[in-house]
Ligand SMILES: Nc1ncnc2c1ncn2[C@@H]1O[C@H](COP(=O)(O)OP(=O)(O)O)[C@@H](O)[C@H]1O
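One chain is shown next in structure tokens, namely the form predicted on its own.
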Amino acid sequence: MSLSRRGSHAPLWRMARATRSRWRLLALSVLLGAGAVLAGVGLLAVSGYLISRAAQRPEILSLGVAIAAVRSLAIARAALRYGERLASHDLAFRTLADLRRRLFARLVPLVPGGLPGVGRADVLSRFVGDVDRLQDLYLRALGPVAVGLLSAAATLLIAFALLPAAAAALAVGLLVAGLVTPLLTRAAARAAGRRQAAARAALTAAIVEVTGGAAEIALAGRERDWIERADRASARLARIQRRDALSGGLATGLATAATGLTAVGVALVAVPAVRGGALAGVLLAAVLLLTLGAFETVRPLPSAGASIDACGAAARRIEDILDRPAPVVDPEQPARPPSAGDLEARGLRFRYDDAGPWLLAGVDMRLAPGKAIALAGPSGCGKSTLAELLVRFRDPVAGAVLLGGIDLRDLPQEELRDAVLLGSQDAYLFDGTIRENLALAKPDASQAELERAARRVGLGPWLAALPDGLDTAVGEQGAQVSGGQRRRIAAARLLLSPARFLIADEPAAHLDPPAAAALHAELAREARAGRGVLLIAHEPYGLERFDEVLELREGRLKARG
């Protein structure tokens, strides 16, 4: 049951080490759990003695110690079990919080550059389902194993003090129940545990896609196809879970059989010991009940064995994210960001695959404060990739991006993006109010500033008609507003930012030509206030207001007008 530093459980061991600051809580929960188990074993043994002694009809005062012990052990068992539950669940929840913080901190630098081969639903499944699964590492794996070892050793010592032969028979039974049974159970559950994380991720992906694209699926008349797809994923997960349940039933049956057979074995050595005078007859029931209670120490171990593989699969899926190299990293000794200067691209070359074609094949561009540049080109030509290079979501394969003459790779990312802000084409809105989404760009913005930014992008009449105005909820991912309104809110957020350079990627998508031209003109007007503006546009509406219009084709920039 030990976790190896190498082999298939290396990720699980590393996950455990990553939360080693919580091992004091683990030790506390183990001690409390062992105390609760031993109190239960003692309660059975003392009760057996009390029943046997009471049958001899002694003076009532001679039973006082045994009666007090039964009461004390019963109270202690409940109190210790309650304390163990508090400590173990506190450990599990704190560990989950630690893991989620660690995973989120790792995702932050990875997501802007993309996660090849991992979809949004899969990331959600790993962040929620796989992290939740790892709570079993403490509640059903490490904790029960440690509790079982401590309490089994103490129980065997007590049995040895009463009758060494009974302790030997009990040791054999505990070895079978605590080692052989978990190994058999784990072998039965191994395949199910390894496949369950992937099956759960597939079901999550199907559900996310169905709910996210429900309107489009309904319009296409494909509801039945997508429902069947989700049903297939659900059925596959159910089959795997049934196999898990079968392994749990196997564990229970084997543990019960081992308990009964061991009790018979102890009886076979204890009864002759009573006849021979090696064991007092009044202690026979105590020894037998002690044997039955001793199996409480190893009863959780089969399920612990079954949980290890499931936790290992979850740990590997999480580590697959944690081990991915960040596309960009801060320099060890970052330079101080310049307070003035141009944003310049020099000889930029970039491609996603080392063997693939160049998406950017030598791009040169200079964006000065007070200048507005529009960048056009066909879909997929690399416009958004160029924008990501300008804010250093990625690093170029060759060439450099300079801010005030300093290579972006020499600047701290956070301070760089305070100076150069990208409004991406996703136009993401958080599940909050319009005010909260706008305030992301400038948390201390006044009511007047928020309203002015909204009016500049054409949201004024719409906001005036809303009962709650800026305090209107936009819903999850902006589901309560239209696509055009979502784009306008994102554009207002961009204008509200104090950044010196603004990069707007397709801000007028979903808008009609007059509205798109008006929004583009408003962005061009921002350059008159001394900021550098780069507009990436698929349609040419309103581009005549820009100082320069460039076109990206075949990896190179060409002046268009």
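One-based numbering along the sequence shown. Please read these numbers as outputs of a predicted model, since none were measured by experiment.
Here the subject shifts to the form predicted in complex with the named molecule, a form of this protein not shown in this document.
Taking the partner as it appears in the model of the complex, which of 273 to 281, 154 to 162, 70 to 78, 373 to 381 has residues with heavy atoms within 4.5 Å of the named molecule? Careful reading of the contacts points to 373 to 381.
Of these, F430, F93, Y352, Y82, which has a heavy atom no more than 4.5 Å from the named molecule in the model of the complex? For this set of options, the contacting one is Y352.
Of these, Q413, T385, S424, T259, which has a heavy atom no more than 4.5 Å from the named molecule in the model of the complex? Only one listed residue qualifies here, and that residue is T385.
Contact of L359 with the named molecule in the model of the complex (heavy atom, 4.5 Å): Yes.
Please tell me whether any heavy atom belonging to R394 falls inside 4.5 Å of a heavy atom of the named molecule, as the geometry stands in the model of the complex. Yes, contact at 4.5 Å.
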